[in-house]
Every structure is written in C-alpha cells, then in structure tokens.
Ligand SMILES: C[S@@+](CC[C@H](N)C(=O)[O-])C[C@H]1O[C@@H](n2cnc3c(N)ncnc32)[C@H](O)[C@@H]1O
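Let's start with one chain on its own, the form predicted on its own, as structure tokens.
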Amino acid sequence: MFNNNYTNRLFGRTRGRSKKKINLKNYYATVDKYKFKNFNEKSEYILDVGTGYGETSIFLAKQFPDKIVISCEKYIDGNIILLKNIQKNNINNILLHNGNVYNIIEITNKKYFNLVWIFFPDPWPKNRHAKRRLITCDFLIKIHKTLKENGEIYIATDSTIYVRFILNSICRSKEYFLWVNQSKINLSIKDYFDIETKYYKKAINSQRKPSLFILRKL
C-alpha cells in the first residue's frame, strides 16, 4: 500500500539507549494487530505524529472515543509501552504506523483528519541538521490537503530554536491556516490540556516552558 520512494526522509533513533533486548519478531507481530493499513470512508481520524511513549495517543483516544487515532512513531521502545497501555486500558480506537509520516499523508488526496497532533518533535538544534526538522512550510501544506473543513493542527515544542523555525513556517503558510492562539498569553499547553508527557515533564524539570501552536485550516 505504502510508497517507500519518498524524498522526505525522517531521522532519529528506532531504539533507545537501553541494552534491554527486544524480541523483534514478537514486536512486529503485536504491531500488526494494531497496524494502520488503509482509510475507511465511514471513519473519522486523528493523526498523532511522533508519539514517543504514546501518552498523547492514549489521551486522544480517550478524549475522542468516536474517532480513530493513527499513532505514527518509528521508536520501537515507545511503541512497546503504547501497546501495553492500549491493552491495559482496553482501548480499541488506536492504530499504529511505525514508519514515515509521509506514508500516511501522501497516500491520498482526500480529507480524512479532523485533528493533527505533533507534540515535541525532535528540534535538531544544530544548524547543519536544520533540514531534518519535520515542521516546514511544505509539510504544513501537505497536512492541509488531508484536513477536513476547520481541521486543526496542534504543535508543541520546548525548543526556542524550533519555535523560531515553526514561526517562519507558519508565516510562509499563512494563506492555508489561521493561527488560532497567536497571542503569547495563550501559548501554554496547560491552558488547553491536562496532559504531561515524558518530554513535557523533561522540559519543565529543565525550566523550559513548552509552547503550543494551534493552526486551523482556512
């Protein structure tokens, strides 16, 4: 189904630094039970990009039980934790895509998503790695094509370098999106959601204030 000849390569680890061994055969067999394979015309979807340890996917699945959450993450250690929490909480509206998000947004020209979440994407802070950052004007435009009317994108980051990069991307795509919470006073995640992911806690413990950007499709 998926075309792997994409030009938008994604970087980052698939395994954590832990030396704990994982039975990959069992892992992929379990993933296959929850694997996203194709869109259903009768369903409504939320895309959760770079889910890390899956906290956001679990949160979204509980908040929107009538919608299917596509959890897009290639980090194996995080997906294992997500799968355990799916089973522990008896959640039946999460599907996994353990690969490139461009697989998802480029397989169709139809508008499937009511909501797209991108919480704490890798900021790639070094200048020589800037091209590796996910949030670009081109990426936002590709997402725009998959959003339903008034669909929204939520982007969170605690990197000041990435904030500037995201602001530039928003400015360049302003004909496609309304920046809903443009006032600085409304940039805090806690103003909107009672959720604390591992990366949110890490930011707070390091005295970095995460910023939230809400974009609505025009």
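As the structure is a prediction and not an experimental result, all values here were calculated from the model. Note that residue numbering begins at 1 and tracks the sequence as displayed.
The same protein also has a form predicted together with the ligand, omitted here; what follows describes it.
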Please check if residue 125 has a heavy atom lying within 4.5 Å of any heavy atom of the ligand in the model of the complex. no
Can you check whether residue 85 is within 4.5 Å of the ligand in the model of the complex, heavy atom basis? no
Proximity of residue 52 to the ligand in the model of the complex, heavy atoms at 4.5 Å: yes
If we define contact as a non-hydrogen atom of the residue within 4.5 angstroms of the partner, is residue 112 a contact of the ligand in the model of the complex? no
Report the residue, out of 147, 140, 134, 96, that has at least one non-hydrogen atom within 4.5 angstroms of the ligand in the model of the complex. 134
Assert contact_stretch over 171-179, 27-35, 66-74, 147-155 against the ligand in the model of the complex, heavy atom within 4.5 Å, equals 66-74
Checked 90-108 against the ligand in the model of the complex; residues with a heavy atom within 4.5 Å, sequence order, are 99, 100, 101
